[in-house]
Structures are given as structure tokens and as C-alpha cells.
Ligand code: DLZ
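One chain is shown next in C-alpha cells, namely the form predicted alone.
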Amino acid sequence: MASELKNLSTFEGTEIPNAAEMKFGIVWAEWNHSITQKLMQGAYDTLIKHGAKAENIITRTVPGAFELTLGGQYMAEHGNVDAVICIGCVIQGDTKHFDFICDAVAKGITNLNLQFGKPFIFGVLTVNTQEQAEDRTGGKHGNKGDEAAVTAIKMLGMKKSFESGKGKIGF
């Protein structure tokens, strides 16, 4: 759903598990730092709000969005985390560079989910303008970092429900 139709920081009607026993990695890109820092802070604060312990949240930076995939892999291999939130921002420019970076990062993060069998969350803004990015970092559309953190918590909750036998097929 387009963020123009939904606030990224609003989660009415959805149950969010308690994150007290969960461990998270946040890998965030330094490129577009004024945007990505706000996304990372939103993710961090949302994890804490839902019970995560500060000592169970590891944050690391990578140079840009393209490096999120390898940074996420390093976090999974060495960070002892249950989920990795990948934070970045790619703003459309005058060349096709935007298309190549966005495609590579999306595919890379998808592959990490499958390779490691744990959630790697796509918290990457792919926007046309700086204004659109600001609208999604605590502006009129909320904060994509909040959404990424809640997604990580919910995916871990889903995994736990299957492991406990409560995730059986049905409605």
C-alpha cells in the first residue's frame, strides 16, 4: 500500500508481539544521512517501545544502500540477532543508477531472508525527491523506520507461533 494512503507509524487493529526476548540488528546506510539517521532512530525507538532491551539491539552503518546486503549478512553471521532491519534511502536522480541500486538492494535483502531463514526487513526509502523522503521520516506519512521495526517484531512473532505449534493452518 502506498504511504500516501497509510501512515507508516500507525498500527491500529494489529497485534504486535512483545519484543523483550528478541534480538535485533539495524544496519543503516550513511548515504543520505539526514534521512537514514531518522529512520534508524525511529526503528530503534519503536523496538524499545515494544519491549526490546537496548542491549539486544546492535546498530552498524554501511556506506550506502548498495552495501546493506553485505552489511546485513555480516550482522546475521556475527551479531547473534534474530532479525536484521536494513535502513537506507535512494533518491531518484538524472540517471538509471537509481533503478539499478533499488533493484539490487531489494533482491539482495530478499535473498538474505531465504539464505538465513530469519527476517531481513526492507526499510529502504525509494523516492523521487528529498521532500518525499522527509515526509516518510517523521513527516506527514510517518516514519518508515517505525514500520520496519514493527515488521521485524511481527515476523519473529510469526516464526515463534509456528515453533510453538500455535501457527497451524486455519483462520
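Not measured: the values here are computed from a predicted model. So that there is no doubt, residue numbering starts at 1 and follows the sequence shown.
What comes next is about the form predicted together with the named molecule, which is not displayed.
Trainee: Is every one of 31, 91 and 101 in contact with the named molecule in the predicted complex, taking contact as a heavy atom within 4.5 Å?
Mentor: Yes: each residue has a heavy atom within 4.5 Å of the partner.
Trainee: Which one of these stretches, 57 to 65, 107 to 115, 129 to 137, 44 to 52, sits within 4.5 Å of the named molecule in the predicted complex when only heavy atoms are counted?
Mentor: Selected stretch: 57 to 65.
Trainee: Can you check whether residue 78 is within 4.5 Å of the named molecule in the predicted complex, heavy atom basis?
Mentor: Outside the cut-off, so no.
Trainee: In the predicted complex, which residues of 45 to 62 put a heavy atom within 4.5 Å of the named molecule?
Mentor: Residues within 4.5 Å: none in this stretch.
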